[in-house]
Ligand code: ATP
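There is one chain below, alone, in structure tokens, taken in the form predicted on its own.
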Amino acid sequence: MHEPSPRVLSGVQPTGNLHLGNYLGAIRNFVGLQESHECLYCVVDLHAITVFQDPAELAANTREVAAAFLAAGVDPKNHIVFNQAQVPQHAELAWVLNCVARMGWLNRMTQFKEKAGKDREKASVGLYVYPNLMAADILLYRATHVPVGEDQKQHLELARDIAQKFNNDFDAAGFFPMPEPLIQGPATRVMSLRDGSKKMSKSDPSDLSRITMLDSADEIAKKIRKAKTDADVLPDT
């Protein structure tokens, strides 16, 4: 197989207002990568339905995330912006990779344990095999680099394991490249304004826990004033 050209694939779930963590940890970096890589940026609506979604809200949120990509500076003339569900090969390859991945690998995924919580028996099967779909997203386009936060690095390592096993099983060395993580910038993990031990999240029930990209200056100021802060004194520098 010929050496693949530098290609970036990354996505954002359409599950409500994008927040400061999404912008600093992902979308801002998407813009910079356009200078050096061929880029595909995906609104991952198939990932969103691992938990129940109202269809009308999901469609609106998908358009909102795509608009945020463009507003932040993603160039759709020279790179690709799309929503996942419009490309059926994502789901098709995910099924093939379900048959390549191993239960033991998925059992080690910490995000499933965190998201499912104490009601693991009630969690959807989709939530459990979510990392295999993420692997399909990446490998479908033979992406070489994936911008990820620290919490997603484990999923990318799984994608590499799946790619390696597929290549070995079918005696196809190099068919799927080994995607490399891109963990960039000073804000790879932006914390909640209400709980400093948790990441800023769209799913947090409190709107005061996050600063969204659509907040007004007054709303941002209100949230900062109410934010939980460190009890320690500020450092000298």
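Please read all numbers here as calculations on a predicted model, not as lab measurements. Don't overthink the numbering: it's just position in the shown sequence, from 1.
Quick note: we don't show the form predicted together with the named molecule, though the next part is all about it.
Engineer: Identify which of Asp161, Asp75, Asp151, Glu92 has a heavy atom within 4.5 Å of the named molecule in the predicted bound form; exactly one of them does.
Structural biologist: Checking each option against the named molecule in the predicted bound form, the one that comes within 4.5 Å is Asp151.
Engineer: Scan Arg108, Lys115, Arg102, Arg142 and let me know which has any heavy atom within 4.5 Å of the named molecule in the predicted bound form.
Structural biologist: None of the other options qualify; the answer is Lys115.
Engineer: Only one of these stretches, 199-207, 172-180, 54-62, 31-39, has heavy atoms within 4.5 Å of the named molecule in the predicted bound form; which one is it?
Structural biologist: Flagged stretch: 199-207.
Engineer: Does the named molecule come within 4.5 Å of any heavy atom of Val190 in the predicted bound form?
Structural biologist: Because a heavy atom of Val190 falls inside 4.5 Å of the named molecule in the predicted bound form, the answer is yes.
Engineer: Only counting heavy atoms and a 4.5 Å limit, does any residue of 12-43 reach the named molecule in the predicted bound form, and if so which ones?
Structural biologist: Sequence-ordered list: Val12, Gln13, Thr15, His19, Gly21, Asn22, Gly25, Ala26.
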